[in-house]
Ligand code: BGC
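As C-alpha cells, one chain now follows by itself in the form predicted alone.
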C-alpha cells in the first residue's frame, strides 16, 4: 500500500494522531496499516540518542558516539567534500542506532558573536552557510537517513528565542536570513525542516503560512515535512493551515483533539489535513526503506573527525614558532592541554566514544614538554597555579598556552555578555609573555573573542571546538604533519561596540530589532570602514600562495559566467589555499554591501605547483532582493569580480558589464536611518500586547504575578526541579531556557498540566 492509499484508508482520528509525536523522540505509529514509528534524535555534529528513550525532556544519558567537529569548525574548512564526508559518517552512525532523522544542520546566521549557540551554526555569510549545509545534508542522506534543517527562521540569539519577535525587513530576510536555507533546500532537499520558536514580524514560525508554504514549498520547491522545534507549536490548527506537519514532542492529546474538532466544525478542511498527513506518511515509508542493524568502526570514525578538524584549524598568527621544533623544550600550560574544550553545551552534546588530549599527544610525538595547569576550570583564579606556570615558562625555550572559552561561557539557552576570555586565561598569557617571548597560543571556543595580548605572542592557532580527536588533530597541525588551511567563516571584531547588532541583540525586550538590515558580518565592517581583529575568510598557512592571473567569460543574455584564477604555491611546502570570489557593484544606486562572497574553492598545491581554479557565476551572483518588485533583480551596470584570500585581501579583479534593470526607486536608506522606512507600510511590526497573561506568557512573566505563580507552581516546578543542583550542560541549558519557556511549551514538555487546565486558570486570573 503506497502513501496515498494509506491516507485514504485512515480515519480522521488516525490522521490527527500523526500530526503530533508519540513521545519525546518518536513519530506515532499506526499498526493497522503497518506504519511503524520512526526515531529522530539530536545532531548536528554526532548522534545524541538517549539510552532510555522515555526520559523526560531529553535529559537522560545518551549512547556513545563520535563527536565530529561542530559547525563553527567544519565550516572553517571551506571544503564541501570534507563536510559531506562528515555527514556520511554521521549517517552511518544513525543507521547503527536505528535513527531515521538527525536533527541538523543549523543554518542560522551568526548575527552577533555573542549568540550562545553560534558553535552549532556555520557562518555570518549565507552563501558559505548554504553550500556547507547542503554538503552536510547530502552526506547524511546518502546513507538513507533524513536530516532536519534548522532553525527556520531568523533565530539568531538564545535569549527570548522561545517567545521573541524577530523584526526583520523583507530584503534582509531574503538576502541574509533565508538565503542559506534556500540554497540548502534547493541543492539537497532535506527530509525535513525544523521551524524555530520565535515570531517573525509578529507571527510565530509554527503557523506562518508565508514562511512555511509560500516561500519554503511554493518558491523553493521543498518536498519534505516541517516539524517544530521541541515545544514550539503555537496553534496546532493554524499550523496545519500554514503547512506545519509534525508537532514535537508528544504526546499532546489536546492538540490532536483540537485538529479533530476543527475538521468536524469545518474550521479546517480535511483536504489541508490530508496534505500534511501524506507528507508525514511519505517520510515514514522512506525511513522504513533504510538498512538497519549495521555497525561502524569507531576508530575509523575517530580518524575522520581528526582529519576534518586538522584541515579546518585557522592559523591566525605565526612569527616562525610553528611548526614546532623538535630540538627545543616547551612549557605546555593551561588546563585545556589535558582537558580540551572540544564541543558545545546543550542539546547537541555528544557522549564521545573517546577523547584524546593535546598534552598526551605531544608526549607521544616525542617533544620535550613539561606541563603546568596555569588556571583551574573549576575556579576563576588560582595564584599558585599561575605562579607555577610562569616559573616553568621561564625555564623553557618556548611556551604553548592552551586557552579559550569555558563551557560555562557559551551554551544553547543563553547568550554571552562579553567578547572576553575568562580573566584567568588572559592573565596567564599576559604573565607568561613577560618571562618568555616565544609564546604559542592554542585557542578553543565556539565563537569570536578578544585577544588583548595578540601583539605580544608569536603564534596563534584557532581550533574552535575540534571534536573528540582534539588532541591528535591539534598536534597534527602544531607539528607540521598537517599544514593549516582553515579560513574564518566569521569576522573577529575589535570590540563589542563595533558589532553590527550592538544595542539590538539579546536585550530584555521581546522585540529583537534587526536595525542593521542586510549589513551583517563583513558586509557591515566593510561598509562602515571599521578595522577588525581578523577579517572574514582569513587564515594563514605554513607556505605562501600567489595569485597570478584572472580571466572571465560571461554570457550576458544567460547571465552565466566562468571565472578562472591561476594560483601558485610560492612557499617551501605543500599546502591548501581557499580561493574566494567576491562581487561588487560599482556606482550602485541601491543601498547594498560593498562586496559579497559568491564563490570559493579549496585547492591543494605542491611546492612550486600552479593550478587554475574555476568558478561559475549565475544570475543570483549579481542580484539583490527588490521589495517593490517582490523578487530578486539585477541592477544594470558595471560589476567587479575579485579573487581574494580573505574579504580584505583582494588579490586580482576583473570588470564586466551586466545588463539589468534600473531600480524602480533609489533605495537611499542607510544604517542609522529610521528603521520603519524598511517596511512596506512604514510601520515596525512589533509583537502583540503581552500585558495580559496568555498561553504564550513565559514562566518569568507568570512568576512576576504572585497569584499566577501560585496557580502555575506545579507546572513551573515540573520543568525546573529535574535540573536543579546538576552541573551538566543539558541542565544548564534547560535552566537557562526555563524563564523564557511559554506556558504552552512547558505543558507539552512536561505533561504536568494540560492546555485546557492552563486556559481555565488564565481565565480566572485575567
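Positions refer to the first chain, counted from 1. Model, not experiment: these values are computed from the prediction.
The form predicted in complex with the named molecule exists for this protein as well; it is not shown, and the discussion that follows is about that form.
The three residues 78, 577 and 600 each lack any heavy atom within 4.5 Å of the named molecule in the predicted complex. Only one of 501-509, 485-493, 403-411, 146-154 places residue heavy atoms within 4.5 angstroms of the named molecule in the predicted complex, namely 146-154.
Contact with the named molecule in the predicted complex, judged by any heavy atom within 4.5 Å, is made by just one of 591, 547, 534, 230: 230. With the partner omitted here, the residue from 189, 347, 626, 438 that has a non-hydrogen atom within 4.5 angstroms of the named molecule in the predicted complex is 347. Using a 4.5 angstroms limit between non-hydrogen atoms, residue 161 touches the named molecule in the predicted complex. Not displayed here, the named molecule is approached by residue 194 to within 4.5 Å at the level of heavy atoms in the predicted complex. Although the partner is absent here, residue 103 lies within 4.5 Å of the named molecule in the predicted complex, judged by heavy atoms. Contact check for residue 737: a non-hydrogen atom falls within 4.5 Å of the named molecule in the predicted complex.
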